[in-house]
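Take a look at this single chain, the form predicted alone, given in structure tokens.
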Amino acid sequence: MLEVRNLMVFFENALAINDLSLEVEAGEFVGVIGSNSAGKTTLMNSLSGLIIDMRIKEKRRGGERITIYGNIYYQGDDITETKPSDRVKKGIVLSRERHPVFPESSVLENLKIAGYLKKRSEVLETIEYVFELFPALKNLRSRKAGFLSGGEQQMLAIGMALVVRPQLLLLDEPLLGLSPMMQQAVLEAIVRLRASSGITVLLSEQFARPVLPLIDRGYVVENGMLAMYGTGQELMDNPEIKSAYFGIY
């Protein structure tokens, strides 16, 4: 479904992604694990196409030069230079880190805003599905998003991505800043989402412990480079992963 070949991303002379390749098959739940500043968000921005907009904006204002090498293929098509809006139309949707929402709008309004490109009937149907997936949001549907907890905002951000009806859902550090209990709630919802819809999920995260038991396969990224990969179980059993992410020596 998704194939990344030898991706390299430079911000001026700083190398953010270094010759990175990975694959995601349809229906899989794949994780990209790495510490802070490993290049995970740059990878997600590259897959969603946001890096293209960033490059254009920086060029217009004479700012940081962004250079991209390598190729990204989606369902057999090269989308390396495809605009983010066109990637959304193809079914690639990103839920960005730190759960960006419209704080002055209610939960329900946020979900409707996210579906502005879809038919009203489709949006309403998906909103009901989101409320089934995240029951806590249903009781908060009239509350302004800015008054939600961090975990509730993260659920809303994922819900907003789902309203677009993605085929490939990109989740950039959805557990960042959440309590262990809320992390588990978000992950359980993602597992239920995949089981009920068959959606393909690619998740980037620095908290490996709660993620590895749930994913089909994982890639470990360090300094923008692929350090290792394998099934979730293989990575959990790897001594280097235990040492780096679990504190087990």
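In this text the structure is predicted, and so the values were computed from the model without any measurement. Numbers follow the displayed sequence, beginning with 1.
Here the subject shifts to the form predicted in complex with a small molecule, a form of this protein not shown in this document.
Peer 1: Could you tell me which of 23 to 31, 184 to 192, 207 to 215, 38 to 46 sits within 4.5 Å of the small molecule in the predicted complex, going by non-hydrogen atoms?
Peer 2: Residues of 38 to 46 come within 4.5 Å of the partner.
Peer 1: For Leu226, is any heavy atom within 4.5 Å of the small molecule in the predicted complex, or not?
Peer 2: Leu226: no, not in contact with the small molecule in the predicted complex.
Peer 1: So in the predicted complex, does Glu222 come within 4.5 Å of the small molecule, heavy atom to heavy atom?
Peer 2: Contact with the small molecule, no.
Peer 1: Given that the partner is absent here, does Glu64 sit within 4.5 Å of the small molecule in the predicted complex, heavy atoms only?
Peer 2: Within the cut-off, so yes.
Peer 1: May I ask you to state whether Met54 is within 4.5 Å of the small molecule in the predicted complex, using heavy atom distances?
Peer 2: Answer yes; at least one heavy atom of Met54 falls within 4.5 Å of the small molecule in the predicted complex.
Peer 1: Does the trio Phe11, Ala16 and Glu97 actually contact the small molecule in the predicted complex, every residue with a heavy atom within 4.5 Å?
Peer 2: Every residue of the candidate spot has a heavy atom within 4.5 Å of the small molecule in the predicted complex.
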